[in-house]
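The chain that follows stands alone, in the form predicted on its own, written as structure tokens.
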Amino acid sequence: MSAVADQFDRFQKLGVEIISVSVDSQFVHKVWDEEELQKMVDGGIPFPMASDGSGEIGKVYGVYDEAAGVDIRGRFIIDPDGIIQAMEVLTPAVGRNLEETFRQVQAFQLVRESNGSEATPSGWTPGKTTLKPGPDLVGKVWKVWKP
């Protein structure tokens, strides 16, 4: 969360809304922010930390661990229509890669803005070649895209 908070301005420039969710209460979130996160990120967490005490949100997203009573760490990219476009669930011992999150957000935004007339190939980054899906591309991807 501190890494996301540290890059919050960058997310905002892309129009991304961030909400963190855990089974912890708002009181635990407050203490955690004041005693831990504010020491890592100046000003603490600039986005909402929602409480999922019953695990219902985690169940809907498939990240609630019933036996442990916790939401497993996950990252979801949800488009403006409320559709999950991407998700990543990692064990707590493995950190996420924010650069990949930014890349995916930019790719989804480009595809959405083009109404699907452009696709981003594997490893695509902003400014790089996109593909134009359609019959003319079939069997010719190798001509326009070099991994």
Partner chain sequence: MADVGCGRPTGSVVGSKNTPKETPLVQKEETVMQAHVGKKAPDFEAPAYLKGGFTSVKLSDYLGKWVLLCFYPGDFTFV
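Positions refer to the first chain, counted from 1. Note that the coordinates shown come from a computational prediction; the quantities given were computed from them, not determined experimentally.
Although it is not shown, the form predicted together with the partner chain is what the next lines describe.
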{"property": "4.5 angstroms heavy atom contact with the partner chain in the model of the complex for Ala67", "result": "no"}
{"property": "The partner chain contact in the model of the complex: Gly15, any heavy atom under 4.5 Å", "result": "yes"}
{"property": "Contact label in the model of the complex: Thr129 to the partner chain, heavy atom within 4.5 Å", "result": "no"}
{"property": "The partner chain contact at Arg103 in the model of the complex, heavy atom, 4.5 Å", "result": "no"}
{"property": "In the model of the complex: members of 23-61 within 4.5 Å of the partner chain, any heavy atom", "result": "Val23, Asp24, Ser25, Gln26, Phe27, Val28, His29, Lys30, Val31, Trp32, Asp33, Glu34, Glu36, Gln38, Ile45, Pro46, Phe47, Pro48, Met49, Ala50, Ser51, Asp52, Gly53, Ser54, Glu56, Ile57, Gly58, Lys59, Val60, Tyr61"}
